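Quick heads-up: it's one chain on its own, the form predicted alone, in structure tokens.
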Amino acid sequence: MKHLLSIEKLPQADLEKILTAAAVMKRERGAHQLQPLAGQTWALIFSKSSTRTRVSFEVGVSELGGRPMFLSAADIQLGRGEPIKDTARVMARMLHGAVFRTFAQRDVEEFAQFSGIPTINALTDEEHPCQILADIFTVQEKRGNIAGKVIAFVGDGACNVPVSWMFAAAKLGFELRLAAPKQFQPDAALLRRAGGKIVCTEDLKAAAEGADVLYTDVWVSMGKEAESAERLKALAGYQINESLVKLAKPGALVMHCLPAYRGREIDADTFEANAQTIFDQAENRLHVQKAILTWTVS
């Protein structure tokens, strides 16, 4: 029994196993010989709204033989203040695993500790491991081994998505460039924890120069809505557009974890020109999620 709580705590060997298994899941979709979740019920506990994460996990659990049970925070006593550890211990008596999408990283970790059932972090404010595993899978599917490549992230460089990219960089040997205003760059302590080759810069063009991948995310993450005006002002100009793509390596991938706000972090023409990659990236959430689920019970 295993947990996927963060990229930081995921051993490199297991990370690579998941990526390898995802390719099999994609190739054999609809013809799986094994049903590792047969007879199991998995809870999807979501305190934050979702499209791709919810759909991919519900479909993934079903395709692996299990039964998904979606629970929003408002549906259960967690939404009325029941301690995480009490919810966890109750669910452990009835369920076989849990996918938890919430605000605080400590809540996911506490749930895993007290439940003793496989627990998957489907997003917290600190990390988004499932997204980054799908992103890496997409890069390798389209451009081969990610080792030695340059990933340029544009926008809020201190939110959960780039943080998970940071921890992946050291494990898999690629360079990560974070182009963000100073106040949206990760702090020195986090950079030291991550290790690897990470470059933080306010120079958008320098970050994009010769990059293999240009990647962006929304400027206002869930839970940051009160900072919306400040963020939109500070991040204005940190956009992937045609002129930035021209600075990257010819044939560079343009990626976005969605939802996309055209005219902010990416312009409409660039988004549509790279829609095939972006929606392949979204589809790959399903295949990688199935690989993660299988790994947790293996």
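Treat the numbers as computed from the prediction; the structure is a model and nothing was measured. Throughout, we count residues from 1 along the sequence that is shown.
Keep in mind that the form predicted together with a small molecule is not shown, yet the notes after this line are about it.
Undergrad: Is every one of 2, 96 and 115 within 4.5 Å of the small molecule in the predicted bound form, counting heavy atoms?
TA: Not a single residue of the candidate spot has a heavy atom within 4.5 Å of the small molecule in the predicted bound form.
Undergrad: Which single stretch, out of 238-246, 30-38, 52-60, 267-275, brings residue heavy atoms within 4.5 Å of the small molecule in the predicted bound form?
TA: Stretch with heavy atoms near the partner: 52-60.
Undergrad: Among the candidate residues 198, 172, 222, 73, which is the single one with a non-hydrogen atom no more than 4.5 Å from the small molecule in the predicted bound form?
TA: After the contact test, the surviving option is 222.
Undergrad: Which residue among 234, 69, 64, 257 has a heavy atom within 4.5 angstroms of the small molecule in the predicted bound form?
TA: By the 4.5 Å heavy-atom cutoff, the listed residue in contact is 257.
Undergrad: Is there a heavy atom of residue 138 lying 4.5 Å or less from a heavy atom of the small molecule in the predicted bound form?
TA: No.
Undergrad: So in the predicted bound form, is the small molecule close enough to residue 285 to count as touching (4.5 Å, heavy atoms)?
TA: Because a heavy atom of residue 285 falls inside 4.5 Å of the small molecule in the predicted bound form, the answer is yes.
Undergrad: Can any non-hydrogen atom of residue 164 be found within 4.5 angstroms of the small molecule in the predicted bound form?
TA: No, residue 164 stays farther than 4.5 Å from the small molecule in the predicted bound form.
Undergrad: Contact between residue 131 and the small molecule in the predicted bound form at 4.5 Å, heavy atoms?
TA: Looking in the predicted bound form, residue contacts with the small molecule include residue 131, since a heavy atom lies within 4.5 Å.
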